[in-house]
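Next up: a single chain in structure tokens, the form predicted alone.
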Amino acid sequence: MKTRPGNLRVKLPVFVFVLQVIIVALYVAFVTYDEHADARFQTNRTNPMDNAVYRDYPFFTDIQVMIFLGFGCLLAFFRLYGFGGMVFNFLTATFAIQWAILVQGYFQFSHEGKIHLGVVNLINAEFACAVVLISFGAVLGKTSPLQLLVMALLEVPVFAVTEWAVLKYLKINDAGGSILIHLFACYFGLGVTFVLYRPSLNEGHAKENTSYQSDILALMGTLFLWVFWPSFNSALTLKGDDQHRAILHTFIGLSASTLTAFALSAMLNKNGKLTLADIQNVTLAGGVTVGASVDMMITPAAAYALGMMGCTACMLGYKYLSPFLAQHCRIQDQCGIHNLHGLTGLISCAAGICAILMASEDVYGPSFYEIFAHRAPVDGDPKLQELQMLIPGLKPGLGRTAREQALFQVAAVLSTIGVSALGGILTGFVLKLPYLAPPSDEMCFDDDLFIEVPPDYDSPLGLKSTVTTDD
């Protein structure tokens, strides 16, 4: 007989409705429209086509596809946990975005006591949501919907505070989010799974397997993520040549990692066959690896090399590092987020630091001080006035040298990893509360615990062949 946790019939509705009442109250008290959405700011002289929605909405829709279809399908690779992967992704993502609008808004979009809401806020909130969903991958199949909601409730504020502190005080370059999205999400998720360690799962689980249909669905998720990743990396870069380079570098990096993944998958398989898990995950490594330097003049060749390096590190991580972490470090990383987001994020950060050290005004021209805004001359410096003649609207910087900026990048990497890991560990202890209905070891990776499933959901697919004979 299957053992079940406490009934969610009361726990989940009460938790969700309380959250919704609080969110509505906070929206009423603190959220208003920004100048592009507020009718009061529009006059007869306003050109509707200058509205920010036409600039930002295409990126927003692309990231929507990644969040709800890409992540959703990718997390549906377990044979008996396809509903859970997609449905809990849907639930967690929707709440995380609502919550991030408030929390991020307080730190980044608050003026005169109000959060000014526009499409750019939604893009930022979806980046925060992506952080939660990446961390979700580490505990996939081993948590209840209540646990996932609580994880999002706690992770979003930790992420928003870290993001605000790093950008405000360390002032780094991280256009593709290698530090503030991928590294943060990875080590937060590892912190959670470290605390939620289940010794019995190290020996394998009868339901921890895939099927032909679930693997196809996960592969569709990979394709959605692959196609729209250039929008993810370029959405918040400076418009113009910076955004153009970000799109080019992301596509080249993804292309390189894809070809490398196919080659390595066949080479490392003792039968010389392709492993679908490699195609589903490792092909995406290039999108992460170019992130920290995605808007810089790194050259297309460097983007290609980064894609190959990220793919190789990710592949070796799946094959050798993940089993080691599970056996010796109490880290059961269900989706291998340390390989796809942690290892590749570290490579990306190293590449970004190298690009910062090598950058010069000779290569970038006057726009050098737009891309590396913190290296612009300080207010009152005569050179600033000269640059403002060439680039109207250029703001004073901090006058940092290349070495100083690189050291701040290193400080951001170390502090982000430390804060996220600590936040994940503390969150893991909260998630161990019995009220949150964690599944038993027996019922991990099984939709039937929390979702109404069809009677034959766990039946193997039977393929019958009909043999005809001639009389």
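So that there is no doubt, residue numbering starts at 1 and follows the sequence shown. Given the structure is predicted, the values throughout are model-derived calculations rather than measurements.
Below: the form predicted together with a further copy of the same chain, not depicted.
Of the stretches 367-375, 130-138, 344-352, 196-204, only 367-375 has residues with a heavy atom within 4.5 Å of a further copy of the same chain in the predicted bound form. Exactly one listed residue, out of 426, 411, 31, 402, brings a non-hydrogen atom to within 4.5 Å of a further copy of the same chain in the predicted bound form: 31. In the predicted bound form, a further copy of the same chain lies farther than 4.5 Å from every heavy atom of residue 175. a further copy of the same chain in the predicted bound form is not approached by residue 163, whose heavy atoms all lie more than 4.5 angstroms from it. Among heavy atoms of residue 296, some come within 4.5 Å of a further copy of the same chain in the predicted bound form. The shortest heavy atom separation between residue 241 and a further copy of the same chain in the predicted bound form is within 4.5 Å.
Along 227-241, residues 227, 228, 230, 231, 239, 240, 241 each place a heavy atom within 4.5 Å of a further copy of the same chain in the predicted bound form.
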